[in-house]
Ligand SMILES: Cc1ncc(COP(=O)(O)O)c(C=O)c1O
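Next comes just one chain, in structure tokens: the form predicted alone.
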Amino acid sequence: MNSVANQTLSFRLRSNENLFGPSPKVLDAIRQNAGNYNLYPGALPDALYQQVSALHHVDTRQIVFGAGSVQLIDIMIWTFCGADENLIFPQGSFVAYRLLSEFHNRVHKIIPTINFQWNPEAILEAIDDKTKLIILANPNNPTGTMISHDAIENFMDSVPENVYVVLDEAYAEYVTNPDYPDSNKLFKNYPNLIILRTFSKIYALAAFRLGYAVAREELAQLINAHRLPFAISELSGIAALAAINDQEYVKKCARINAEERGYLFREISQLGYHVLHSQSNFLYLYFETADEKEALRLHLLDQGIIARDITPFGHPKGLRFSTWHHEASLKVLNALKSCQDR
């Protein structure tokens, strides 16, 4: 794994990054294509469209890239939802959904969860004739919880066809649960479904800002028409192509993550902390009070571990930290134990 990333990021476990860094093949591709920094970027490589097309079994015209999946969410909120219309997402989802809704002054309905899980019945009840968009993070950030294939399928059967449902699958490559949705199959059956993926997480290209949406052709064209020109750098496309072509590296990162995630979950549970099962590259701890959470966050910081306060996500009693290699797991466990011993 990439030792440079280890030295640079140390124990910054707050942002769900792949702290092993990108594939060595990505670094080689970047070095080989360095230069021409004074020129505006050209189109993304055709080969990148072809690889994403093959991954999702769709036509290349059904793919639209953005400067991170956040840019695509931003476009969909202000494009699909008019000033008098609304969108829906579960409580405690990715904070960008709320922030972007507020930025565009769009009405947004935040639906309470049940035991950190989405509530499909409540979401369906919240749909009205002004609802245009539903966003579901799967796995969810910050909890790491997952919606199964059958649950999504049953939900989609009840969603009106004129309401777009966005499946934000930023962490899909980390999932090990066999019940995880086959979004490619769902996409074929539901024309109002949009799939979001990113190169920021397991592909470790967060600094390059590249994500993509899979949508029916007319929706992809609409999203693409509202992208800012030159928003995606040429090196981003080169790096993404090298990353998606190195699936062995992706599998290696996913395997190590699954091992450390499982190990940490078991050990943290045995220490008596409340920790959720995760299908992502992070774990979520929840506490009885916000003060208890904050005390642990500060203690972890004293131990050189930067965890994420989840208050902006709507979880004032929650704390999230990324999974990494075994040394990081041991450091986290030692810090959790020492906090109990104080």
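Keep in mind that this is a model prediction, so the values were computed, not measured. One rule holds for the numbers: they count along the sequence shown, beginning at 1.
The next section is about a form of this same protein that is not shown, the form predicted together with the named molecule.
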Decide whether His226 counts as a contact residue for the named molecule in the predicted complex under a heavy atom distance cut-off of 4.5 Å. no
Is there a heavy atom of Arg209 lying 4.5 Å or less from a heavy atom of the named molecule in the predicted complex? yes
Heavy atom of Ser69 within 4.5 Å of the named molecule in the predicted complex: yes
Quick one: does Tyr97 come within 4.5 Å of the named molecule in the predicted complex, counting heavy atoms only? yes
Using a 4.5 Å heavy atom cut-off, which of 104 to 112, 201 to 209, 76 to 84, 246 to 254 contacts the named molecule in the predicted complex? 201 to 209
Please tell me which of Ile123, Ile147, Val175, Ala170 lies within 4.5 Å of the named molecule in the predicted complex, judged by heavy atoms. Ala170
With the named molecule left out of view, choose which of Ser183, Thr131, Asn141, Ser236 has a non-hydrogen atom within 4.5 angstroms of it in the predicted complex. Asn141
